[in-house]
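Presented below, as structure tokens, is a lone chain in the form predicted on its own.
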Amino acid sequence: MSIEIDARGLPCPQPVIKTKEGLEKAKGKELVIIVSTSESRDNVLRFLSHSGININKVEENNGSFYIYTEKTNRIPINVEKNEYICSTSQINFGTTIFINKDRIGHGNDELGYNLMKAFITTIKDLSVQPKTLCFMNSGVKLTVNGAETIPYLKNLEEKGIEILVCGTCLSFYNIKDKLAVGKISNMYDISETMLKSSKVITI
């Protein structure tokens, strides 16, 4: 039985750090390390080589790289983080749009809601698409049954745009069972998504 280390989407040197943590728990097992860039793959392979870990094979599948090691009880070397930093061009995880209310601006609520609906409607026609939409506080009301924005958000999700919805916020407004689009998420995942993004736009 092998230990799987899923380091996809993590900025360097995190894939190497997760690999080291996996090696410390290996206890005679094989490892399968999954990364999402060729630079992360090379960093992990270099770290394994320095630690004296033999590689069975390396495969690429659906844009991810799978590194298979032999069984090992070796103690990994310490990670020198500066050695495993990826170039800036490789750390580009797209734009995240952070929506923390169900309307845009202050003043007339009806106008603010209509502006938000128009904004979400317009996203699908933009030449540059965001990678993720994050909804928090009253913004989560845009993702539940009955919201006029649902058809447009579903269209964006079908195009591959990730939609993260704050579970705590849904519970606060007592609408968790009405979620119609997106994935229930938490503060950790939403914060990590924003920190990994090349740009965050707050609406």
Partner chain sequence: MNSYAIITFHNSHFALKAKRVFDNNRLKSETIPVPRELSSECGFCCKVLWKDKDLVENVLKKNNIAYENIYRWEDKAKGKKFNFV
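The model shown is predicted, which means the values in this text are computed figures rather than measured ones. Numbering follows the first chain given and starts at 1.
Form predicted in complex with the partner chain: not shown, discussed below.
(request) Considering the partner chain in the predicted bound form, find the one stretch among 67-75, 129-137, 94-102, 108-116 with heavy atoms no farther than 4.5 Å from it. (result) This holds for exactly one stretch, 108-116.
(request) Would you kindly say which of E148, E59, E158, D177 lies with a heavy atom within 4.5 Å of the partner chain in the predicted bound form? (result) Spelling it out, the residue with a heavy atom inside the cut-off is E148.
(message) Since only the chain is shown here, I'm wondering whether Y152 would be in contact with the partner chain in the predicted bound form (any heavy atom pair within 4.5 Å).
(response) Yes, contact at 4.5 Å.
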